[in-house]
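Just one chain is shown here, as structure tokens, and it is the form predicted on its own.
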């Protein structure tokens, strides 16, 4: 076990080994402002159109290829809670956040919450003023409300990019994605594909027919079928990998989301994973982590019990 800490530490890549990678984007906003319609439109129009079967399954992340060949990876988080939970676990997954605001409504508390989350994580924001097809659409009012929060869009002399869109009829969606790519270029996102893969678990569940299925996002390195993987306190050999359309793939490089089979349990969202060469070491580390989890849960249970007894004595 002496070498495990060294193995688990992040290796530092040489600059010449780093290649450009796709940006990872999270779409956030108020529940009725069209976040889902925007994602659905992008997925329907751009996810390598024409492939037989289309999108066959929902996984929490998917890649979109634009006409120029550029790729954007979208994280389809269930809500800000998931974004916060993953950030709290140290999973810095998102590169850019698209904040969706309905142009016929206002900056709602949930929108403010999304902006706060993105700012706390230090993630650049691009604003999408949605529902421009509606009669009451007034993007200037939204810009004014944002200005009152010290967020100035480019039209008003600020640094934040914004785009008026309609997810319903596809108006200016391509322009929005171009602005995301521009933001990505400024960030200079790079990763080394020629090393063992590391990344983050997006979601995991038990499929009755196939066993534990985990959706994960490779952040550096390349993961291949047959690799030995450690994810949180779970481990296993990658038996099969699928992209977001359910098509089997043999490998996944940086910024690629895939769904895998082969882990011995369901890791938590935000758990980091890494590919390791030594199967025995993988099992050792997983076992140690399971022991720690058990000890922590016993400690918290014991502490609660003592508090409960104290409360009972006070009541009497």
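Positions refer to the first chain, counted from 1. As the structure is a prediction and not an experimental result, all values here were calculated from the model.
Unshown form predicted in complex with a small molecule; subsequent notes refer to it.
Using a 4.5 Å cut on heavy atoms, which of 268, 37, 284, 290 is close to the small molecule in the model of the complex?
-> Exactly one residue meets the criterion: 37.
Counting non-hydrogen atoms within 4.5 angstroms of the small molecule in the model of the complex, say which of 190, 195, 239, 168 makes the cut.
-> After the contact test, the surviving option is 168.
One stretch from 245-253, 275-283, 29-37, 260-268 that, in the model of the complex, holds residues within 4.5 Å of the small molecule by heavy atom | Looking at the other structure, the answer is 29-37.
Does the 4.5 Å heavy atom contact test between residue 141 and the small molecule in the model of the complex come out positive?
-> Looking in the model of the complex, residue contacts with the small molecule do not include residue 141, since no heavy atom lies within 4.5 Å.
Decide whether residue 133 counts as a contact residue for the small molecule in the model of the complex under a heavy atom distance cut-off of 4.5 Å.
-> Residue 133: yes, in contact with the small molecule in the model of the complex.
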